[in-house]
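Just one chain is shown here, as structure tokens, and it is the form predicted on its own.
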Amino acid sequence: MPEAASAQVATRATVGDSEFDRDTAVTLRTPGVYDIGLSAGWTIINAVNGGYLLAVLGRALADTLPHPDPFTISAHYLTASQPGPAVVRTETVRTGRTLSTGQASLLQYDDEGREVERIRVLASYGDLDTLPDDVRTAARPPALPPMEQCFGPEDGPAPVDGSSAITERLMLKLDPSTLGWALGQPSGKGEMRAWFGLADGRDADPFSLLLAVDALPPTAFEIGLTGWVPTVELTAHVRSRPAPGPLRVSITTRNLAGGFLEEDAEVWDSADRLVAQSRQLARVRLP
């Protein structure tokens, strides 16, 4: 972990007062129109991370809709977003007593000043605090070694400048059994597991869960592929407000075909509760 991040952990940022909160905050221009400067701090290979972008849109919809928390949000990634100014446009589709639904688009401008839509989402919001505390599940938390036996980006070779700025903002400790790709010996299994948090110590909330489902290295690496794996579509479900403490994230891929793969993610909190799930379709570059 960088020294700056270590210093931040000592004071522990709080929800609402952290780098993640500042970098996902949108400014209302007119009803349904928000401005934001997409931060370069959440980039991978110079493209803005999809989970960070989902959190930005999630924040705008939370301001638009009468309910506070994303329950389900589906995003289609149309073009690659770049750091810099962006506009989010939201629309309320329906409001009800327990759920409200809205849609949002994130747009930027190309070099000739033309508007380009980057992402379009449809989401349903509710209030997680009103849900009954009744869990009946066959799901089990991922079996991860203790955090001190796992490895983060700081344990590997120095990254290429500008290629992995997001890792400086994450507390990411990967299960050694899913790290064969980093040693040139991928297992051939589409699995990635890690302890996850924000580097400044901020506890998780529903919006950072939207980041968590898309913040680990691609499962394609452990299948033996390299390079960028851009998301085509991602649907995330937030199931519960997470307990304080580090999260555990497990991502699996069962099928790569035609240059596309799916990634199924589960996010578990420190109370052993499944707090978020997602599925995404991503494109891979075949040799």
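What you see is a predicted model; the values in this text were computed from it and never measured. Residue positions are given as counts along the sequence shown, with the first one as 1.
Quick note: we don't show the form predicted in complex with another copy of the chain, though the next part is all about it.
Only one segment in the set 166-174, 193-201, 146-154, 98-106 has any non-hydrogen atom within 4.5 angstroms of another copy of the chain in the predicted bound form, and it is 98-106. Proximity of S124 to another copy of the chain in the predicted bound form falls within the 4.5 Å heavy atom cutoff.
Contact annotation: R136 falls within 4.5 Å of another copy of the chain in the predicted bound form, judged by heavy atom distances.
In the predicted bound form, another copy of the chain sits beyond 4.5 Å of every heavy atom of A62. In the predicted bound form, no heavy atom of R89 sits within 4.5 Å of another copy of the chain.
Using a 4.5 Å cut-off on any heavy atom, the residues of 69-101 that reach another copy of the chain in the predicted bound form are, in sequence order, F71, T72, S74, H76, L78, T79, E91, V93, R94, T98, L99, T101.
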